[in-house]
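In structure tokens, one chain follows: the form predicted on its own.
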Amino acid sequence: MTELNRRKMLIVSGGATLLGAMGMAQPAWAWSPSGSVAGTGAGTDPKWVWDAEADPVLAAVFDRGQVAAVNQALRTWTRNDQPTPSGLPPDLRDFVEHARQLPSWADQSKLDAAADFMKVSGRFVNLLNGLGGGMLSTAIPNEARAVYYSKGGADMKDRVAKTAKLGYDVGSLNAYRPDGQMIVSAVKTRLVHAAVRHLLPQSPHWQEGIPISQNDMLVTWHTLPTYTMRKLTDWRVRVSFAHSAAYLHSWQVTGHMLGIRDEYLPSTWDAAYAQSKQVLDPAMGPTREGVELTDVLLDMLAEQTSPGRVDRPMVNALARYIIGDRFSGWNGIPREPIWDPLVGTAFPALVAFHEKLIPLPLVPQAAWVLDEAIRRYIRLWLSEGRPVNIEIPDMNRPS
């Protein structure tokens, strides 16, 4: 047994003992792999599955003291069609060569259709993936704490820029084409996750066992495509069957490239909604760390939309409208007596106008203020195309 696996067993068994002592029964895994893109699988509870391919390779990189050299080599790799950097250690190079291959079931025509979907509905998709997904992530205790106590939690502007890099690449028109960058971003993010799994259990502040399990990745996955498609339906944004299927396919491919096993990736929206109820709903709750991260994120958005944070009340109201009162309460987002009703009226009108359901004269003036704020936020979320390097962390959050 390797030292990595021995350490994992000790942490996992310790976490299970703690849960038992607290009387916290974890719901049994009941989602069938017949509903996955693989169509079959062992049915193992994803809470106890991590990344058997990436984790030992990154642990070895740390043991050999090669993190800085690896990051330097990876900075030269930015496009899908570039060869894997030659300066990587042989075991890591072999891993990257394998990890960068698209799954056999990837359909380029559907990926192209997903790009067309972003041309049509990208405004609302990016808003939901960025602001919506970001606010949901801080209401997930495991994710909020993992972000807070890892290196990225100490510099949220840099952390958001790197998350936005992934969001920009997955939504770009050439995401998985040779001249795109999504394969590179996904593989680098997978390496980051493996590094966090190696580092975070060493932090005295982290008491949750090995982080970023397959279940944790599924939880995050559902805050993005599943949540977004639900909200688009709620907002009456018209999505064709072809675009709906293509958008799901793009995120199935993305999940695979990030290291989620095919047996856990839902094959249909119905399967996704069913799985989301099991993995996302019970994973959410309030934490001090989540409240702090939310405040930082909303400050960043307010600064982007209006230097000096004068529009923080509007940002609060927009965030509350998007994720709802329950999650907003957990994240410590205050109610805004002026902006809450304005956003509640203006946002549906803005969506209806963009969907050509109502004429211009029926759109309230507040909707255009909101529209400009959304435009600026999306510019922040997409990092304005600035070069951003996704790098392997070399430590946890400095105390």
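Numbering starts at 1 and follows the sequence shown. Note that the structure is predicted; figures quoted are calculated from it, not measured.
Only in words, not in the display: the form predicted in complex with a small molecule, which the text now covers.
- In the model of the complex, no heavy atom of Arg312 sits within 4.5 Å of the small molecule.
- The small molecule is not shown here, and in the model of the complex it never comes within 4.5 Å of any heavy atom of Glu263.
- By the criterion of a heavy atom within 4.5 Å, Thr163 is counted among the residues contacting the small molecule in the model of the complex.
- Residue contact with the small molecule in the model of the complex: Val147 places a heavy atom within 4.5 Å of it.
- For the residues His198, His249, Arg320, Lys151, the 4.5 Å heavy atom test against the small molecule in the model of the complex is passed only by Lys151.
- Arg159 is the sole member of Arg177, Arg100, Arg159, Lys231 with a non-hydrogen atom lying within 4.5 angstroms of the small molecule in the model of the complex.
- Contact with the small molecule in the model of the complex, defined as any heavy atom within 4.5 Å, is confined among 213-221, 108-116, 289-297, 122-130 to 213-221.
- At a distance of at most 4.5 angstroms from the small molecule in the model of the complex, none of the three residues Val37, Ser267 and Ala271 contributes a non-hydrogen atom.
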